[in-house]
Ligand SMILES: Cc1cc2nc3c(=O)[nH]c(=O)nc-3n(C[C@H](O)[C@H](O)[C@H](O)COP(=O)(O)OP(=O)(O)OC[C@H]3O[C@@H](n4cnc5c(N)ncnc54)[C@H](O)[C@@H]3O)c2cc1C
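Below you will find one chain, with nothing else, as structure tokens; this is the form predicted on its own, and questions on how it binds or moves follow later.
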């Protein structure tokens, strides 16, 4: 881990250039309020004194902390209201219940992949393109903290090269919204924001006030699908549990073939099946906020760029708004496309999954795990059906977690589309848990009896 002093020294001795990211010190965008290396802290250290559900988005570390009570998604979610503001409607039946409101979906990748990117570099290429064409004056994103590969360091990038240098997966809590202070100090009026679902929800909820106070003329929101972020020390612990060489991993991702791919610095790819994860050792690794989030698909962005709904090696794009269409058109000439497809039937296995949530089984023997992994890979959901399955499983798991640990929060943080998306499993849920899936169903029964 790099300390504050060692980071400052390394930059000073390299002519003002960060030796890990290659960025000028001014480009690193160190957050205000003394948050030089917040992402290197443990979960207890980072979240001490915070509310019970906090994803450390950074808003409370900025001058806009007063907006927290009215914009934090863990105080009250605002998704239907914001969807009405963005689209003039809420979600329709079908895929929008899982994926959020969208205009179009695509499977794409950069024709010329960006070196060092997690996939083909589509997200960072789009951010860089916005700066190159002068459409924005700054891009809030996250680079890697010096001395690490995966600890995010929020930065306000002012050059295309700074955005490109931030490429790569950093699946840790990152207080990106703390950089709104720097946006104000720099007098930026045209801004792009790259962030996770909780960050985007809070940004959108506070957007009217932020536009007024910052004088924003333009705000482009590029969303990254997100689930189960952790603190950097907990990520290191996780990698040491699943990899034979955790210190040489340069990229990793939970892939569509039901396995974790870890690419090492010598180019070797190590794969571990999901079913083989040592879940008994991972209890307490994931923050409560991540286990109480219901927006994996980052539904309030202008454009969402991930991979879950595409086949191996491709990225999944959801164009959501008019601004999102403009962003898509900007990067489209640099992309190649393939058809989105869907295979398998997620609903066959969902009753079993619900029962496993209610009564967690023990870890199967190795031969059984190998059989399960084979069946998942060859007969399980694929393409868009894989995305639907993963999102529904996350919704079910997080609803169960919230009801178990924070039952009083449910009415405030679960948006209506969650119950609508999970409605096909209402009877399975009731059979396994002995209670209705949708609390309104219990109210209706009670009212009818009264």
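Numbering follows the first chain given and starts at 1. Note that the structure is a prediction, hence the values are computed from the model and not measured.
What comes next is about the form predicted in complex with the ligand, which does not appear here.
Of the stretches 345-353, 259-267, 361-369, 123-131, only 123-131 has residues with a heavy atom within 4.5 Å of the ligand in the predicted complex. Put simply, residue 170 is close to the ligand in the predicted complex: some heavy atom of it is within 4.5 Å. Although the partner is absent from this view, residue 231 stays clear of the ligand in the predicted complex, with no non-hydrogen atom inside 4.5 angstroms.
Looking at residue 119, you'd find a heavy atom of it within 4.5 angstroms of the ligand in the predicted complex. Using a 4.5 angstroms threshold between heavy atoms, residue 188 stays clear of the ligand in the predicted complex. Of the residues 307, 102, 238, 328, just one reaches the ligand in the predicted complex with a heavy atom at 4.5 Å or closer; this is 307. Contact annotation: of the candidates 225, 380, 324, 146, the single residue with a non-hydrogen atom within 4.5 angstroms of the ligand in the predicted complex is 225.
In the predicted complex, 194, 195, 196, 199 are the residues of 187-208 with at least one heavy atom within 4.5 Å of the ligand, listed from first to last.
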